[in-house]
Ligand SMILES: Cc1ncc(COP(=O)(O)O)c(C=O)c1O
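Here you get one chain, nothing else, as structure tokens; it is the form predicted on its own.
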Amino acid sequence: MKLFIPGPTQVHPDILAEMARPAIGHRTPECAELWAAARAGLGRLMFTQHEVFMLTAPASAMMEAAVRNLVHEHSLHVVNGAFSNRWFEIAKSNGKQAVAVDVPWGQGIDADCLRAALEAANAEGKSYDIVTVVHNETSTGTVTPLPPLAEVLQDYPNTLLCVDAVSSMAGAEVRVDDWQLDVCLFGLQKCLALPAGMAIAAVSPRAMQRAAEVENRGWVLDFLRLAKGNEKEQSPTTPSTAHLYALVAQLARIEQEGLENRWRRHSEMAAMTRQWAAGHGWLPFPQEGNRSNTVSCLARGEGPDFVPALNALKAQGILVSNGYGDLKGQTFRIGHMGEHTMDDLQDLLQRFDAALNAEVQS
């Protein structure tokens, strides 16, 4: 099966081979070296000197970790899609006083909107411990520029900026330290092009200070416990050494390609997809200025019904995603991320066209 969905994505055979290496003890010097190499490579990937945590868990675990470690009581959540809403739901399920800023799907939040939400809280005599934002909302292919939001938060020093970069990290520009992100989390199975199974987060010094002040952080997700493990280049719990081998090897492959070259490749694939879609009368679902370079969410517009073509491609062993949730049948999503190339994408689009033509002729 060839995956053009927004994750999981294709894994290079050399990386799959790394997953098959013999297991090693997770308290051995060999594993400590592997742990240290992974954290160092992730730091370079994220442009950060902050603490880097790794968990054998889905990225949603780091969403919950941010809530449990950093929120005394109040949290603010920008909700413009399914996964930003998940973070809001996680906060509520942990007993926090969570508030959502609802933004129409297909739009990002702008600085003025964020400032208005923070000022409204101040007028009520409260403040938020964190703001959560999904950088690249996978459900709608919508990207939200982060530096303007970080600038707003300079006026609210007690409010930490927590960012989900699940479908942007390694496929689009993300600079954790320069952009003043307090938590930046992601998984492996999207632009990083690894099998799912690990969650990563960079956590700023002031976020670590906050965590030391928050009670009931839990055990597995406790930032302070994870930091103590890092001091020994260890995980407090048993990690997947198979993923560690694959991660170190893939980070080396990414550095060989060059991170900016990788960003450019994703941008070029996005441009090709949009041009192809326009030729069929399909429109980008996100508004101008908020369109992802890693996943294209395309609305039907005046174009033909795409569902029969999606089914035909699936019969050929090629997966392209229908719309997410309520957008099913109204949009579809092409994940042009990870190890896919322009040639791979060109082949997909030609096959898509052939499926459309076959439907017309039938």
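Position 1 is the first residue in the sequence shown; the rest follow in order. Because the structure is predicted, anything quoted here is derived from the model rather than measured.
Although it is not shown, the form predicted in complex with the named molecule is what the next lines describe.
With the partner left out here, the named molecule still marks one of 83-91, 264-272, 277-285, 204-212 in the predicted complex; by a 4.5 Å heavy atom cut-off that stretch is 83-91. Residue in contact with the named molecule in the predicted complex (any heavy atom within 4.5 Å), chosen from Pro58, Gly41, Gly303, Pro308: Pro58. Scanning Thr241, Gln189, Thr159, Asn290 against the named molecule in the predicted complex with a 4.5 Å heavy atom cut-off leaves one residue, Gln189. The closest non-hydrogen atom of Thr132 lies beyond 4.5 Å of the named molecule in the predicted complex. In the predicted complex, the named molecule lies within 4.5 Å of some heavy atom of Thr138. Remark: Val67 does not count among the residues lining the named molecule in the predicted complex, judged by a heavy atom distance of 4.5 Å or less. Interface residue remark: Met63 is counted as part of the site for the named molecule in the predicted complex, having a heavy atom within 4.5 Å. Scanning 8-40 for heavy atoms within 4.5 Å of the named molecule in the predicted complex gives no residues at all.
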